[in-house]
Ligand code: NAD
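Coming up is one lone chain in C-alpha cells, specifically the form predicted on its own.
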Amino acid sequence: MKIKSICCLGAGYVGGPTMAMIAAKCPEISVTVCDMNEARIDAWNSDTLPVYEPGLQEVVESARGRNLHFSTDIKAAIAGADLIFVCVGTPTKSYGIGAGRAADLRYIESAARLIAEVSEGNKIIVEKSTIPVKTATAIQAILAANSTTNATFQVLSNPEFLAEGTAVADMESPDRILIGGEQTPEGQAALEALVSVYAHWVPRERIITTNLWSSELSKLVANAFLAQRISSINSISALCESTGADVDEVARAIGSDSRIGSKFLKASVGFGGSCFQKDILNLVYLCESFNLPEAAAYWRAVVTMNDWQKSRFVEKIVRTLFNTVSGKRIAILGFAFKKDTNDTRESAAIHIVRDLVAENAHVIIYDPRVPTETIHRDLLEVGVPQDIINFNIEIAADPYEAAAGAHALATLTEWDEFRDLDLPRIYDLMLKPAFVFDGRAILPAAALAKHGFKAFVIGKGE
C-alpha cells in the first residue's frame, strides 16, 4: 500500500513539527495538518508559529504551500487521506474514576467517531498521542460501530519520542521509530506502509516494529524510566546539600558507569513538560487496575519526589530570606519547563511562583519565549486568583528589569542566555544582601561569590 496523502488531527507540539518533517522529507506525499482551533491554524500559516523549536521555522517554510498544508476543514482532509495520524490531547482525568491518574480519552474517541463518519475505502489510523495500553481496541470498536460505508481500517501505534527543544534534530536523526501493528496480513501491510514513509530518511535498522500493545506500553515506560532518573538524582541533590557533596560531581561519577550512563542525571527544581508526570500517573493507574498496588506505589513515588523538590526549593527561599517573603520582590528567570521551547505544561516554575505568591511575595518573571497570556493562564489554572496575578505578578522584558530592586533572584529554566548574565550589573540592581537561588545549576558559583551574592545552587553544599 503506497501512501500518497496524510492527514494529521491535532496541530500542537507533536502534530505540527512531526508532519512538517514528514512533508519536508517526503515531497511526493501531501500532508495536511488539521485542528478546530482556527487561531492555531492561522499561526501555522504565518511567520510566527505557535510552537517554538530551534530550526522548525525553516522546516515548515521548506514544505508549506508545496505539500504541507494547515487547515480547519477536518472532514475533507480525513476523506482525502490514505493515512491519518491522531495527535490530539490525552490529559490526565480531573474527574470520576481514575481522576488524577488515568488518561482522559475523550478527544481520541471524538477523533475516531469523526474518522468513521467521513471515511471511505482503506484507511490507516495511527495513534501518535500518548495513550494507555489497549486504546487501539477502543478505536477499532468505535470505527467498526460507526462507519456507514464500506470503509476498512487498520490501527497502528506510532508513539513519539521527541524531546522539546531538540525536536527538529530528534526527528531528523531519531534514535528509533517505533511502530506497532496487528499480527495479521492486513495489519502487517499497514505497518509496512508507514515504515515506507519513515524510510525516506530514517535507516531501516532504526525502525522498530512490534505488536500494538508493546508499542503503546513502551511510550509510557520510556517516559517513566527517564522521569525516575530525574527524581533519583534530585533526591541525591538534597543529600549533597546537607553533606557538602556536589551533585554534578556525583552525577559525573555515576554517569561514567556504562551500566548507568550520563543522560537525565542533571539535578534541578524538578521535571515538567506534557509527558513525564502524565505518563507516570497513567502507569500508576494501569498498575492499580491490574491489582498491582506495590508497583503503583513505586511509580507514584517518582511524582512525589518531583513535587517535594519544588516545595523544598520554595522553602529554601523563604527560610533564607529571614523566614518571610511577604512584600519582597522575587525575580524569576525562566517559566518554560525547559530551554528552547515555549511549552510551560507542568513547568516547575508554575508551582514555585504559585507557592511564592501564597507567601505574599511580589514575583517578577522573565522568559524569552513564553508570552504573558500563557503565564497568566497557567497561574490561574493552579489556583492563583486574578487579583493576585494583577497585583503580585509582573512580567519583565529582560533579566535586568526583573532583577531591579529584587530581594532575591531564582533561575528556573536553563536558557543559555542566563549563563552569560552580567553579574556585576545584576548585583548592583538588587537589594542587599543579594540572594540567588539557582534551581538549574547554570550560574558560575565562584563568580557569584566573587561578586558578593549570597548564593544557593541546587545540589551543592553551602
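Nothing here was measured: the structure is a model prediction, and the numbers come from that model. Numbers for residues come from their place in the sequence shown, where the first is 1.
One more form of this protein, predicted together with nicotinamide-adenine-dinucleotide, exists but is not displayed; see below.
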Of E160, D378, D340, E241, the only residue with a heavy atom within 4.5 Å of nicotinamide-adenine-dinucleotide in the predicted bound form is E160
Contact with nicotinamide-adenine-dinucleotide in the predicted bound form, heavy atom within 4.5 Å, among V247, L321, V88, V133 goes to V88
Is M19 part of the interface with nicotinamide-adenine-dinucleotide in the predicted bound form - any heavy atom within 4.5 Å? no
Please run the contact check for H351 against nicotinamide-adenine-dinucleotide in the predicted bound form: heavy atoms, 4.5 angstroms, yes or no?
-> no
Report task. Consider V14 of the chain shown here, and say whether it contacts nicotinamide-adenine-dinucleotide in the predicted bound form, taking contact as heavy atoms within 4.5 Å. Result -> yes
Next item on the list: Determine whether any heavy atom of Y107 comes within 4.5 Å of a heavy atom of nicotinamide-adenine-dinucleotide in the predicted bound form, and answer yes or no.
Entry: yes
For nicotinamide-adenine-dinucleotide in the predicted bound form, the stretch among 141-149, 206-214, 162-170, 181-189 with residues bearing a heavy atom within 4.5 Å is 162-170
Those residues of 24-50 with a non-hydrogen atom no more than 4.5 Å from nicotinamide-adenine-dinucleotide in the predicted bound form are C34, D35, M36, N37, R40
